[in-house]
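To begin, one chain is listed below as structure tokens, in the form predicted on its own.
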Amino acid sequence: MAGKPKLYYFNGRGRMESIRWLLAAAGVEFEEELFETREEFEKLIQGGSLMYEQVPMVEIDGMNLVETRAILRYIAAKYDLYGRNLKEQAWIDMYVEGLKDLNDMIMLFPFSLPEEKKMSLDYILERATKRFFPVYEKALRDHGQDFLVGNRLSWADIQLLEVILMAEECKPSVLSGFPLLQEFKARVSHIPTINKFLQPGSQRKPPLDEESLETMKKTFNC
């Protein structure tokens, strides 16, 4: 029996969080090696397993996978979350790449300078409600199914729920104008594997706080 995938990162969300979400939604148990010091990260680099000397890295199926999107595509394909044909994969790719743009904005928000916080938050919420969420509201309406692509759970649905919850951390009422997304959130959140990941004590990481932000900066010299 193959061992559990092992994730290498710092103890926070960052670019690894979407990987955690995808594995959890697929019902795959995983282990984590979480760096707390620069020395721990450098030891991994010196071991020669990091192709570009950067994380995320996932040990899976005898490989050391790096580059977030490559990891996500591999996991989605391996666990049947990447569509049934090339057309469905193309739709999934379009949806997740758009969500990546919004995800990155929210993920980088804690790095804003204090005097820029309000402006950054206003920009994120404006883009979420005017550019991104209307796309997914329309997709659900036009498709007329429970999920974004085909009629079954895919990587796109998992990424959308993750980003919705991140946006709600910025503003709890962010979905007030999007009834189909509200229904989508409730529906997908109740899928057993996803519901388990949303419970306290899971490997889902909390929003970045000042302490974990400082640990990350010291670990990665940023």
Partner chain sequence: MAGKPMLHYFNGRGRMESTRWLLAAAGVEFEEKLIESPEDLKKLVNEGSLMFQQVPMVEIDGMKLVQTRAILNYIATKYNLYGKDIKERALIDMYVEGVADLGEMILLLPVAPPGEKDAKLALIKEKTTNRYFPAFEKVLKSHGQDYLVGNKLSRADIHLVELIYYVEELDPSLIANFPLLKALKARVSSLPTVKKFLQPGSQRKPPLDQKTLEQGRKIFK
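Positions refer to the first chain, counted from 1. Computed from a predicted model, the values in this text were never measured in an experiment.
This next part talks about the form predicted in complex with the partner chain, which is not shown.
Q: All three of Asp93, Asp101 and Val135 touching the partner chain in the predicted bound form at 4.5 Å, heavy atom to heavy atom?
A: Every listed residue reaches the partner chain in the predicted bound form, so yes.
Q: How about Lys196 - does it come within 4.5 Å of the partner chain in the predicted bound form, if we only consider non-hydrogen atoms?
A: Although the partner chain is absent here, Lys196 would stay clear of it in the predicted bound form, with no heavy atoms inside 4.5 Å.
Q: Just to confirm, Arg152 within 4.5 Å of the partner chain in the predicted bound form by heavy atoms?
A: Outside the cut-off, so no.
Q: Residue-level contact is defined here as any heavy atom of the residue lying within 4.5 Å of the partner chain in the predicted bound form; does Arg69 satisfy this criterion?
A: Residue-level check for Arg69: yes, a contact with the partner chain.
Q: Verify the contact flag for Leu86: yes if a non-hydrogen atom of it lies within 4.5 Å of a non-hydrogen atom of the partner chain in the predicted bound form, no if not.
A: Flag for Leu86 set to yes.
Q: 158-166, 22-30, 60-68, 181-189: which one contacts the partner chain in the predicted bound form at 4.5 Å, heavy atom to heavy atom?
A: Heavy-atom contact with the partner occurs in 60-68.
Q: Across 74-88, which residues bring a heavy atom to within 4.5 Å of the partner chain in the predicted bound form?
A: Result: Tyr74, Ala77, Lys78, Tyr82, Leu86, Lys87.
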